[in-house]
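Presented as structure tokens, the chain that follows is alone, the form predicted on its own.
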């Protein structure tokens, strides 16, 4: 079985996000980390490799900052790492899916895994978009993937905690919610050592047609309220509390 894991890097939300005057995300000051759900997808692929001897290829759109992520995936146990050349470093999910679908058409795989969503969009559409463009069956919010000959079995989660066991004919696309175990750790030293011996493949593809839904502007969330600091003196704080309750007609004077 040949498995492709589609990964991308997302802004590290530990750092504060800034907007340009035009309402765009200021990308020059961002630091990036691998999407946590894509790391779950990679771990599930590596588990399948251990169980069935599958070959795992990690694929990412070349945003200029994906090399460390791809080398880390190789250090964890992936067999190949592929960068897809793109005209823009900032892509919508539809543009990303169109680029990856074109690659998957020219280099077919039996199973494609990707994270169910990412913190920079949270729309959870990549697996469905890929399945639709390729004409392959797909499922999202998935865990516990098991290979069964010409089929793959998985557990899909629904609202309210309901679970269903599905069987999909291969080739198929799955959006992974969680792997069967936490993503494995690999040391920075091992990654740096691998960078000296392993190589990343760069592939140029022509994206398939995609319907775009452009984001015209971003806004900071409006503050719903502000905290009021009361006096440290107990009597003054009590008086302030009484005044507040009276102003809201919660007590009578």
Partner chain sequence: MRPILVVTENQGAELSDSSRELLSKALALTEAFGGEVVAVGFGEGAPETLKRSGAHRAVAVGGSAVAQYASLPYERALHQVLERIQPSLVLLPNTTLGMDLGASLAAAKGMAMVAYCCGLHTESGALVATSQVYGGKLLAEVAIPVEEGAPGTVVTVLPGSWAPEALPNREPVLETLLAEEAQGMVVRETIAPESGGDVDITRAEVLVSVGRGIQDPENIPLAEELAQVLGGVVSCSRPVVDAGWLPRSRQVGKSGLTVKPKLYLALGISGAPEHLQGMKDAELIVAVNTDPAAPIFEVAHYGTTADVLDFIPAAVEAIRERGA
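Throughout, rigid core stands for the largest set of C-alpha atoms superposing within 1.5 Å between the two forms. Positions refer to the first chain, counted from 1. Just so it is clear, the model here is predicted, and its values are computed rather than measured.
Keep in mind that the form predicted in complex with its partner chain is not shown, yet the notes after this line are about it.
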In the model of the complex, segment of 61-69, 46-54, 219-227, 193-201 with a heavy atom within 4.5 Å of its partner chain: 219-227
Identify whether its partner chain in the model of the complex is within 4.5 Å of every residue in the set 116, 138 and 159, based on non-hydrogen atoms. yes
Hey, in the model of the complex, is residue 231 touching its partner chain, heavy atoms inside 4.5 Å? yes
Taking its partner chain as it sits in the model of the complex, is residue 94 near enough to touch it, meaning that at least one heavy atom pair lies within 4.5 angstroms? yes
Would you please decide whether residue 145 lies within 4.5 angstroms of its partner chain in the model of the complex, comparing each non-hydrogen atom pair? no
Would residue 105 show up as a contact with its partner chain in the model of the complex if we use heavy atoms at 4.5 Å? no
Do any residues of 18-46 have a non-hydrogen atom within 4.5 angstroms of its partner chain in the model of the complex? If so, which ones, in sequence order? 19, 25, 36
If you line up the core, does residue 20 shift 2 angstroms or more at its C-alpha between this form and the one not shown? no
